[in-house]
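Single chain ahead, by itself, as structure tokens, in the form predicted alone.
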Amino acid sequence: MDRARPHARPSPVAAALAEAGRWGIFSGRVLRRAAGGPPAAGRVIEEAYRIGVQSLLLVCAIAVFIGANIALQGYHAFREFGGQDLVGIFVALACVREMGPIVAGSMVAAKAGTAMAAAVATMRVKGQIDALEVMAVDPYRHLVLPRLAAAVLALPLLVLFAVACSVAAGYAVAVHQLGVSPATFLDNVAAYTGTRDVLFGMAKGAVFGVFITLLACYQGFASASGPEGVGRATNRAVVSICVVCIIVNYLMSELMYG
């Protein structure tokens, strides 16, 4: 008599594709609810405070040190060619186009994204999401849409703060520590960056907000039972957000500046 063959475990590629498909279905459901009208303004403001205001100090602190480091490294690299006065261009382009959105997105992912995933996963484990469905309350509209709208509003503003702090820190290091002319630094910043670059950076922030929310909430909805399930959901949310946002950042940079 033939023995039953054990089920073969799917390959990592197949598992990743299946997970991406489930996330796509989840995102489609959320976006269909969004087409039915905006969420309650009170809930959006509450979530915007958690995502934006509570992440602001962290974003600014990281942006300051990144801007200072970019100025320091750029100055010493350009000095080899006698172009140390061009450090303002390097600081402006790096911070406005790339590091501002990356800092805002990564810090929100680390702070607010994990909080979203943990909160939704805890509700899943406790059966509260099922209870909402029993009471005819749409969990996608009630739990995900306010967070999605808040992230789309808060992330572009956080990008602005990150850009301002990083460029200001780069200016302070270049001018007061390395001896670059203040007028030269500011002239280079104004000449090589403009409103278009700032708006593109804010657009990146809004797109990051969409992916952070959808990925974090999806992992919360898909959480397994128990404290370990909540922990795994939170960990998967952070990993997936970081990977996806880095890929999306490259694709948007190629589209905007390619």
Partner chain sequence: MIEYVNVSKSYGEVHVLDDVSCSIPAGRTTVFIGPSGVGKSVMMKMIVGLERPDAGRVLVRGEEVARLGERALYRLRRRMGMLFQDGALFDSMTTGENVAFPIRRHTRLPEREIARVVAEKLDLVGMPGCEGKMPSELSGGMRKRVGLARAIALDPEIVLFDEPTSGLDPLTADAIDELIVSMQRRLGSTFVVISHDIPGTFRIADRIGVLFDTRLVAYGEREEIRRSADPLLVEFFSRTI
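Predicted model, so just to flag it, every value in this text is computed and none were measured. Residue numbers count along the first chain shown, from 1.
What follows is about the form predicted together with its partner chain, which we do not show.
Taking the partner from elsewhere, Gly82 is found to have every heavy atom lying beyond 4.5 Å of its partner chain in the predicted complex. At least one heavy atom of Ala136 is located within 4.5 Å of its partner chain in the predicted complex. Taking the partner from the other structure, its partner chain in the predicted complex has a heavy atom within 4.5 Å of a heavy atom of Lys126. In the predicted complex, its partner chain sits within 4.5 Å of a heavy atom belonging to Arg32. Between its partner chain and the residues Leu178, Ala164, Ala131, Leu186, the one pair within 4.5 Å by heavy atoms in the predicted complex involves Ala131. Only one of 203-211, 66-74, 32-40, 226-234 lies within 4.5 Å of its partner chain in the predicted complex by heavy atoms, and it is 32-40. Residues of 213-232 that come within 4.5 Å of its partner chain in the predicted complex, judged by any heavy atom, do not exist; none qualify.
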